[in-house]
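One chain comes next, on its own, written out as structure tokens in the form predicted alone.
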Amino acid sequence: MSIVTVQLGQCGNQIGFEVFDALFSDSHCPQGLCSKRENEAYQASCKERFFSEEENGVPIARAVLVDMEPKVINQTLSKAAHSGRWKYGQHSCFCQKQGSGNNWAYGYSVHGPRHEESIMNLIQKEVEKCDSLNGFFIIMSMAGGTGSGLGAFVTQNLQDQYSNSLKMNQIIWPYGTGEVIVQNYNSILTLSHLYRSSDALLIHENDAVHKICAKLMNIKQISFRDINQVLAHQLGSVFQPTYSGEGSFHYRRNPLGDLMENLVPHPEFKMLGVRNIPQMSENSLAYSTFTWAGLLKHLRQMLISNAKMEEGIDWQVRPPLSGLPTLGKMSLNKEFHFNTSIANLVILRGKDVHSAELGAFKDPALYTSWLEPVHAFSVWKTQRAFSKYEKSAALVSNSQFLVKPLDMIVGKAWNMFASKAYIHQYTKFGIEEEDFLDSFTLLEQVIASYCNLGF
């Protein structure tokens, strides 16, 4: 089944390019550590999901590109075409001459309705090329204007027009120090609207990815491209094919549906995060060897201590004894010591994958009391190695990992809102104070629900 990707705004289009490039490179990588036949099946499965064939043999990304300024889309199209390996469709993009000026309301209330028909027609044409549509993967940031405002508008339209298809939004969480003065407003409006219309939000924090580039990849001067390549690697490690079950050598046909089924057991909890291990530069990799036991021990501790990478993990954090509330679950003011999960999915790729022991992820203490580990934990595997790693693991987690950053963004937005700062920039485009209050109410409820997972 195929996934249609919608790339929105500067951020969404730049990441989208890196994602397709990473998927293509990995599926055509000769060192997959598996038989030729298995490699071909993997390639075919990846292609069915993300690419459609064209007459001259160059695969075309199943994607629609949308931005309100032409520069980034033109760069993205030409980079793909010049790669000579894959490209975007000739008529798969929509752009205008005037951006959204980092104003969510302008993207949502002006650009959205004005260009709704053109954008939805492009998406429909892409859907018609799929033999079987699995759903939509929408890539966007939440701090600016086009990705966030128009992104929320388009997601809502997809929900209306394709209510039976799954929608997953991949969202870039802004730097804590801030790129845009109104980023907290844009963020709360984006999140609250997506919570109503999307099936799952896969969230990447810029600060965390920046640290991975600096500490694990040893990059001295970090560019957006470096950050986007780390993101693309993480997304590829989730979306590339895996076997449909233990002992099976057939690849999954319903990737989005399987993800949702395993990770979103209740519509109140739809925020997902990804952690990967190992992540390192080519130079370091040459001197490293990995065991499944070592990788999984680190990955589990990253989960429970809420570490985004294997460097600097707090090994003091332990699961609580059953029946006792943990420190820090009582209120947000205390530090969150232990990261309680509602659901976890571990994806293992590479050599001797069937020997990996995952019992430690089935400990009931890791999960909320109202879900048994048998329902809360899943594992996907394939012997086909991913990217340059002989063994690698990804963890997609629905847990309390975002409570603190979300509480911070809501708090900062509320302080600005209480003094009426910049509100006029939104009201003049039809977003009223009532809309802000609705957003605050919904997100406060989300924070409270995630906080209560530990009880």
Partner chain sequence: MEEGVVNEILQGPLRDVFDSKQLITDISGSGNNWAVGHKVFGSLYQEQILEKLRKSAEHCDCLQCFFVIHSMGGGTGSGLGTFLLKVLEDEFPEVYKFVTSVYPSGEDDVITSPYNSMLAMKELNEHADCVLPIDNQSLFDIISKIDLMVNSGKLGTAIKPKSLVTSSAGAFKKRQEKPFDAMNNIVANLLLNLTSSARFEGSLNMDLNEISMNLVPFPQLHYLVSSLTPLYTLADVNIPSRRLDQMFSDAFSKDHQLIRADPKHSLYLACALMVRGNVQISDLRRNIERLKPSLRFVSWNQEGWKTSLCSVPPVGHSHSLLALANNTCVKPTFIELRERFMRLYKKRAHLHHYLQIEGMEESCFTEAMSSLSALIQEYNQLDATKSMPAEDLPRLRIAV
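These numbers come from a predicted model, not from an experiment. Residue numbers count along the first chain shown, from 1.
Below, we turn to the form predicted together with the partner chain, even though it does not appear here.
Of the residues given (339, 170, 103, 192), 103 alone sits with a heavy atom within 4.5 Å of the partner chain in the predicted complex. Contact annotation: of the candidates 365, 222, 280, 93, the single residue with a non-hydrogen atom within 4.5 angstroms of the partner chain in the predicted complex is 222. The stretch that touches the partner chain in the predicted complex, counting heavy atoms within 4.5 Å, is 93-101, out of 303-311, 93-101, 238-246, 352-360. For residue 13, no non-hydrogen atom is located within 4.5 Å of the partner chain in the predicted complex, even though that partner is not displayed. Using a 4.5 Å cutoff between non-hydrogen atoms, residue 81 does not count as a contact of the partner chain in the predicted complex. Shown alone here, residue 210 lies within 4.5 Å of the partner chain in the predicted complex, counting heavy atoms only.
Of the heavy atoms in residue 178, some are within 4.5 Å of the partner chain in the predicted complex.
Contact with the partner chain in the predicted complex holds for none of 53, 58 and 286, as no heavy atom of theirs lies within 4.5 Å.
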